[in-house]
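First comes one chain, alone, set out as structure tokens in the form predicted on its own.
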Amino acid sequence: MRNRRPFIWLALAALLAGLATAQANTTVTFWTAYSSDGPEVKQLETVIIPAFEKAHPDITVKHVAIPYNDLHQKLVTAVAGGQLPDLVRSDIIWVPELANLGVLAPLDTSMSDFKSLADSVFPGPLATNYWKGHYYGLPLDTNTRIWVYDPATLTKLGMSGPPKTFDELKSMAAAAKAKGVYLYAEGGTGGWNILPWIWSGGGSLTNDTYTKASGYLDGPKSVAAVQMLVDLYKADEMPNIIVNPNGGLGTYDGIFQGKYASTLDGPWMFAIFGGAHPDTKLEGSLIPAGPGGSISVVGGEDIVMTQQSKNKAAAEAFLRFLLSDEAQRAMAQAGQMPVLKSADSWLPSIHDYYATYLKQIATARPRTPTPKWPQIDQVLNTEIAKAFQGSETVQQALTNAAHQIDALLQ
């Protein structure tokens, strides 16, 4: 009888080698809320992830796209159920809340090269990751809102360019409405929508230490800035969508149809709008300046790692790749503003509209960094809407909001 032991050992060795290979392959789960109607998801899934996996054949990245409005709730719900991913592209306003809940891993203690990564990015976006002595993430993309308009519509209105000041905004809005067009359309009354006007008007949401809203949000300069918008609305010089999303055309449709001339939006608008309406060429300018200057709001997303991740080394590798020049340039092609300091030299060459965003973000301000921001934003949205609807004066609405925000800041 022939001795079959060598064959058995060879088969067993092959099996063990196969198991070792399978075990060596790690899957990193990555949740994002990239816009499904823009090019971001395609760029991530067909360019960035394949490039990373080619360089790291032992790591697979599983991208899970979740609608923005659902992602925050899904994250909070998943905390109790223990179903969190390895990495999350988190809105900057969620990081303090998630860190406070114990969801996130402090990257400044878990990543040996954190300092060099932190030194490579803009300090403003980096600061959005700081909470109670630690950095719980790194910036992934940044943005702000600028005045986005259709020059063809302005030309039809007999206007040579967008408004540069509050006074020009008021006079041009009246002239546009006389010709059946809304000069400016806004889609809500939350902080993202209203804070640029409050800050440009010289007002503020809170004091400098983010501990008190009374006397600031309801101060005379903040009230005057919101009153300007309410006056435009009551004169039927702003569409109803500011208080009712179903009250008229959305901003993109309204601009495409020539019903609206302008809105405030981030750099993704150019990519999304250009894909849907390639024959309509939008342009951008700074937000009209008020007594406080032209001040917009800092937006963007951070890349964070969850404490529950069982694949931290692989997750860190993908995180580093997302902050590489290669990945940041690729997402810039899709309308996402990079966070690398080195991007200043090459970003406008990708899309010329980035030059305006770089100017605007130089003075842009962050929303209040607190775990209670979602509740604060809801207060702003609810109370300021009352001023537009006429159930409260602007002063009453902002005073009521300030008192509620004071309690949340405690």
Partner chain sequence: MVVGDRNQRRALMALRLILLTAGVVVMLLPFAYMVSTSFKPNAMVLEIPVKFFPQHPTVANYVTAWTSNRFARYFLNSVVVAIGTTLAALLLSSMMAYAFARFRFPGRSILFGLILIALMVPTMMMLIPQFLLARDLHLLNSLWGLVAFYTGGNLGFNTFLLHSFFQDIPSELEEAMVVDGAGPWTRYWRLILPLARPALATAAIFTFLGAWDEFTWALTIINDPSKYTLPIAIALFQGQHSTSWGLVFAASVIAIAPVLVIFAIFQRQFVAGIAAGAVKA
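Positions refer to the first chain, counted from 1. The structure displayed is predicted, hence computed values, not measured ones.
A second form of this protein, the form predicted together with the partner chain, is not displayed here; the remarks below concern that form.
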property	result
Residues 174, 184 and 324 all lining the partner chain in the predicted bound form, heavy atom within 4.5 Å	no
Stretch in contact, per heavy atom within 4.5 angstroms of the partner chain in the predicted bound form, of 207-215, 151-159, 222-230, 248-256	248-256
Proximity to the partner chain in the predicted bound form, single hit among 52, 31, 373, 353 (heavy atom within 4.5 Å)	31
Candidate from 268, 318, 122, 166 lying within 4.5 Å of the partner chain in the predicted bound form - any heavy atom	268
4.5 angstroms heavy atom contact with the partner chain in the predicted bound form for residue 86	no
4.5 Å heavy atom contact, residue 62 and the partner chain in the predicted bound form	yes
Partner proximity in the predicted bound form: residue 289 to the partner chain, non-hydrogen atom cutoff 4.5 Å	no
4.5 angstroms heavy atom contact with the partner chain in the predicted bound form for residue 91	yes
Any residue of 287-309 that, in the predicted bound form, places a heavy atom within 4.5 Å of the partner chain	301
